[in-house]
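Next up is one chain by itself, shown in structure tokens, the form predicted alone.
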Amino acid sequence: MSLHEDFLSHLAQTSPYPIALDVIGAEGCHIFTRDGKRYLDLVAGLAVNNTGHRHPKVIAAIKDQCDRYLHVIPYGEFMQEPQTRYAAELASLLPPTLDNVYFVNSGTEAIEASLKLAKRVTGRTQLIGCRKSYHGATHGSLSLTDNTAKRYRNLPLLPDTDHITFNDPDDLERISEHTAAVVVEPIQGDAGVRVPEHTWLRALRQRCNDTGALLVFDEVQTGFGRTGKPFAFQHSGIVPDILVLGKALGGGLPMGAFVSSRARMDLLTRDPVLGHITTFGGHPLPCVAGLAALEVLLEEGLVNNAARMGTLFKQLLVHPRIKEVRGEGLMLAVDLGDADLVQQVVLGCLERGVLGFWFLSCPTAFRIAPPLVISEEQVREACAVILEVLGN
């Protein structure tokens, strides 16, 4: 059988219509396929490859660790330098109340663990998410996602869950003394990149303070410079009680984490012991890759570049068929107001060597989330292709 036939026959599929590019390489902002084509990547593995594909410093760190050791023990038992150094570096960039890191395997696993921690800290059971949110595909994460199309085949989900409307101050009254945690994306991703008012986020913080509920920020997509700040919560100046990370956290390798205070995290160590446990969390390869990527992010000014290139995208993407370009930094949605037109534009760009992608919960827009190393020349190239396709 051919590789394409094996792909369709032996790999479980996520949809009936995969793009099915036959990838043989990637470098910087480009992906290369077996048929000799080169694609300008405006997706970055869905906000994973913030430092670009195969950054030399990240690759060197992975190779060096491969010569030392791989998995040696489930998380937490041995002192491993990659885990410890990365956790310390993350803590140095975060507020003092976010000084303790627990590494897991993915963003959705970090969400699940944060829900357990919130219940343990508060002794409460109610969990609140936002309408049109997305936190992952596991049962707890899906329980917080108020999307019937994603949920209905998996019922029943977690009991005692509720949802508030993102950016609606009146709905904050639903948060009460029964609420263990409110889980919010500081910028909603899958909903089509919805940026909240800072006044709403501050009111949300105050409501959680007043009721004793923990505020959990899901920064799986928004973290590590994606929005033009190291972390998106820094736009508003408020600090969550638990911070959830993933995607770019592993420098291109799979990893998630949840971060809180040492006092809160210590509750997971007793009654029962191993209140949360993972075999592969904090694996040394994603830890060294993530630390190297974080160093690249800071040393090469990629956070500022994300802000500048995001502004340039907004300046260049002007067309009668573009209703809005919204977002922060290089987390953008181009809203065309028409789902069929979005399909035509994404596929038309793909034919011309520019890789864009859809939103599951906002079919009238397509996403722009390239590696943060993207240059002005590449932004102009991408915008020229998008406008050409729209013109046709």
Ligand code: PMP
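This is a predicted model, so every value here is computed, not measured. When you see a residue number, it is the position in the sequence shown, counting from 1.
Separately, the form predicted together with the ligand exists; it is not shown, and the next lines address it.
The listed set F224, F258, Y134, F233 contains one residue whose heavy atoms approach the ligand in the model of the complex to within 4.5 Å, identified as Y134. Residue in contact with the ligand in the model of the complex (any heavy atom within 4.5 Å), chosen from Q83, N305, S106, S143: S106. In the model of the complex, no heavy atom of H283 sits within 4.5 Å of the ligand. The ligand is not shown here, but in the model of the complex it comes within 4.5 Å of a heavy atom of D190. The ligand in the model of the complex comes within 4.5 Å of no heavy atom belonging to I242.
The ligand in the model of the complex is not approached by A248, whose heavy atoms all lie more than 4.5 angstroms from it. Figure note: of the listed segments 159-167, 74-82, 212-220, 90-98, the one touching the ligand in the model of the complex, with heavy atoms no more than 4.5 Å away, is 212-220.
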